[in-house]
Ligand code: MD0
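The chain that follows stands alone, in the form predicted alone, written as structure tokens.
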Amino acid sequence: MIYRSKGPKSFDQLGYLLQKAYEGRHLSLGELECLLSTRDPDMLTSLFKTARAVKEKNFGTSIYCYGFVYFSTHCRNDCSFCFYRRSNPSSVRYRKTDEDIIDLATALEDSGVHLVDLTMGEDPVLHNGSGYGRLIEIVQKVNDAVKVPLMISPGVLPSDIFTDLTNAGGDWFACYQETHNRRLFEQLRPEQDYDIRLLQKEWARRSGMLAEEGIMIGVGETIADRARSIQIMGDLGARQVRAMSFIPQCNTPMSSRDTAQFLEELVAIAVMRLVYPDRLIPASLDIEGISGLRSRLEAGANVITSIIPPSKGLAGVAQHELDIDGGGRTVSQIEEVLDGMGVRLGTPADYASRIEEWKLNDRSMGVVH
């Protein structure tokens, strides 16, 4: 059972913290723990309402979305939580051809996504000296084929590869730490280097890409761990920060654990929104599919992730069959949800303008070398 520090003791205390956050004042680690521990239903209503107000103050009614191209499910790692860990014989393994990758990317662009996410496991064929050139080639080919920005999610890379990825067309680099508790990290990602994984975000930003960082909810972390992770994600300069609920996968060491309580994820999203009013915060379709979209947007998320064209033979997500073939992961499907909430998809120009402004800010601050 997860340890919880005490939440707000009164509505006056909660109101003070929410007003402080709304005004953009710094929240201490203890104050983050307090907000993350909120469970009273009426207090949760106030927390989510303030998170939405902060989102609207910075983004208006605009919501963004991005599509998902998992082009290799082979992986050299043996992560305790992942269905695609190398020792799982039940995993669906494939490597998409260049033609398949480009077809998926262009189909997503035509459907109206703001960004295409090129994702893979740490495929041994590509994660070696000669293979990195192949990875860069894939990014370049997709960049030549589509006009929308690209996110690269390839796992851990050597530092000298990042500039080449940027030059090939990478706009974002995503590499989730899952937790910033080192002991828990070792349990989740055995035989992996905590510091090298953390440095991926710094190396990406130095090369001129924007960084995304994320945590997993319900894997044995404490409320204090979550609060510290939220602080660290900001210190890393990540422009997109996320929290995703743990879903147990078959044939993994964590298969017998309970699914995380989705409320825990919603509270984490809301607190991240209060702390980082101008960042992008995803609502992933990987966890509950289209049925869980509204609750995450109402908690303060403003990006819908893991949109997948139906019947394209894509695996690689937390729940690799959820809503995919039925068309529940398409732009047209999510627009129906947005219409009922009084929000809308932002324009591609608006999204592109925001990320170019962030890149310019990083250059002006001397982040890009």
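Predicted model only: the values in this text are computed from it and were never measured. Quick note: we count residues from 1 along the sequence shown, nothing fancier.
There is also a form predicted in complex with 5-amino-D-isoleucine (MD0); it is not shown, and the following applies to it.
Proximity of residue 330 to 5-amino-D-isoleucine (MD0) in the predicted bound form falls outside the 4.5 Å heavy atom cutoff. Heavy atoms of residue 187 never reach within 4.5 Å of 5-amino-D-isoleucine (MD0) in the predicted bound form, leaving it off the interface.
Looking at residue 281, you'd find every heavy atom of it more than 4.5 angstroms from 5-amino-D-isoleucine (MD0) in the predicted bound form. Residue contact check for residue 242: one or more of its heavy atoms lie within 4.5 Å of 5-amino-D-isoleucine (MD0) in the predicted bound form. You can rule out all but one of 203 to 211, 282 to 290, 99 to 107, 227 to 235: in the predicted bound form, only 282 to 290 has residues with a heavy atom within 4.5 Å of 5-amino-D-isoleucine (MD0). Residue in contact with 5-amino-D-isoleucine (MD0) in the predicted bound form (any heavy atom within 4.5 Å), chosen from 138, 174, 157, 223: 174.
Of the candidates 275, 126, 297, 151, 151 is the one whose heavy atoms come within 4.5 Å of 5-amino-D-isoleucine (MD0) in the predicted bound form; the others do not. Of all the residues from 108 to 129, those having a non-hydrogen atom no more than 4.5 Å from 5-amino-D-isoleucine (MD0) in the predicted bound form are 117, 119.
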